[in-house]
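Okay, so here's just one chain, in structure tokens, the form predicted on its own.
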């Protein structure tokens, strides 16, 4: 009987792999994915990078400092405001802390909708209202951040120690006292950790949304490409990489200390 089960499991694994391979091949055919074309085009990619983009234009460093600061400002403002809004929504969305099931469903629904729409789409929707620039970018990061952080905060609240929660309730504490004494101390480390993760995500996303008019380094890269100033684009890309690495190192160390 055990041999038959082993054979059956092997056949199931083989069929699963076969289905995955078939879906992958079908998808490759649907997008005209060709290894031959990729290899043949690699030479042009290397030529473009080594000839047109190198060396980076060091003289543009000063001009790119303001876009760099704009990227940091957008990311920071968006995550702080989003964290405050998500803090309230998460208390409504968590099964542990929500005052009423209807509020829980409504809060989770709002978070799901905001998470479903990419921040790039939010920029395209907001630019007609706020115009090109950092305000539209900040709003896009903020809206997307509320969706991400509300869901993350709600899951963190769902994982609090229920024994401590019941112990505080047994003393006759009100809902507000229970939240502040039993839930908040357990939740705060996760709150700070997820907020730092949101900052890290915002810095990455801000470059992408900047390319569609939201300001920052992304906008500088897009402008340089349109004007064929590729050496300046290289400088902007290098500054973006340094910013990514720096923010990631800082947030990772802070999260480790907190958790």
Partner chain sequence: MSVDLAKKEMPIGQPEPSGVEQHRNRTNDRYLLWIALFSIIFFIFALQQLDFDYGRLISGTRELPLMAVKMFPPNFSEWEDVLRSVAETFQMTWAATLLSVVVAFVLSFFCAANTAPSRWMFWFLRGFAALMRAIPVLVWAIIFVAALGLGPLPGVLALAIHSLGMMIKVFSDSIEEVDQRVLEAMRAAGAGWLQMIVRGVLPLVYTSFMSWALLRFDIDLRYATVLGMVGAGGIGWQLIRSMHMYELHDALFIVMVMFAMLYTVEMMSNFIKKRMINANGL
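Please read these numbers as outputs of a predicted model, since none were measured by experiment. In this text, the rigid core denotes the largest set of C-alpha atoms whose superposition between the two forms falls within 1.5 Å. Numbering follows the first chain given and starts at 1.
What follows is about the form predicted in complex with its partner chain, which we do not show.
Residue 229 near its partner chain in the model of the complex, any heavy atom under 4.5 Å?
-> No, residue 229 sits far enough from its partner chain in the model of the complex that none of its heavy atoms falls within 4.5 Å.
For residue 74, is any heavy atom within 4.5 Å of its partner chain in the model of the complex, or not?
-> Because a heavy atom of residue 74 falls inside 4.5 Å of its partner chain in the model of the complex, the answer is yes.
Verify the contact flag for residue 60: yes if a non-hydrogen atom of it lies within 4.5 Å of a non-hydrogen atom of its partner chain in the model of the complex, no if not.
-> Looking in the model of the complex, residue contacts with its partner chain do not include residue 60, since no heavy atom lies within 4.5 Å.
Give a yes/no on whether residue 88 approaches its partner chain to within 4.5 Å in the model of the complex, heavy atoms considered.
-> No, residue 88 sits far enough from its partner chain in the model of the complex that none of its heavy atoms falls within 4.5 Å.
Can you tell me which residues in 134 to 161 come within 4.5 angstroms of its partner chain in the model of the complex, by heavy atoms?
-> Residues within 4.5 Å: 134, 135, 138, 139, 151.
Kindly check if the Cα atom of residue 62 is displaced 2 angstroms or more between the shown form and the other one relative to the superposed rigid core.
-> It does not, since the residue 62 C-alpha is displaced less than 2 Å between the shown form and the other one after the core fit.
So with the core overlaid, does the Cα of residue 245 end up 2 Å or more away between the shown form and the other one?
-> Where the cores coincide, residue 245 shows only a C-alpha shift between the shown form and the other one that is less than 2 Å.
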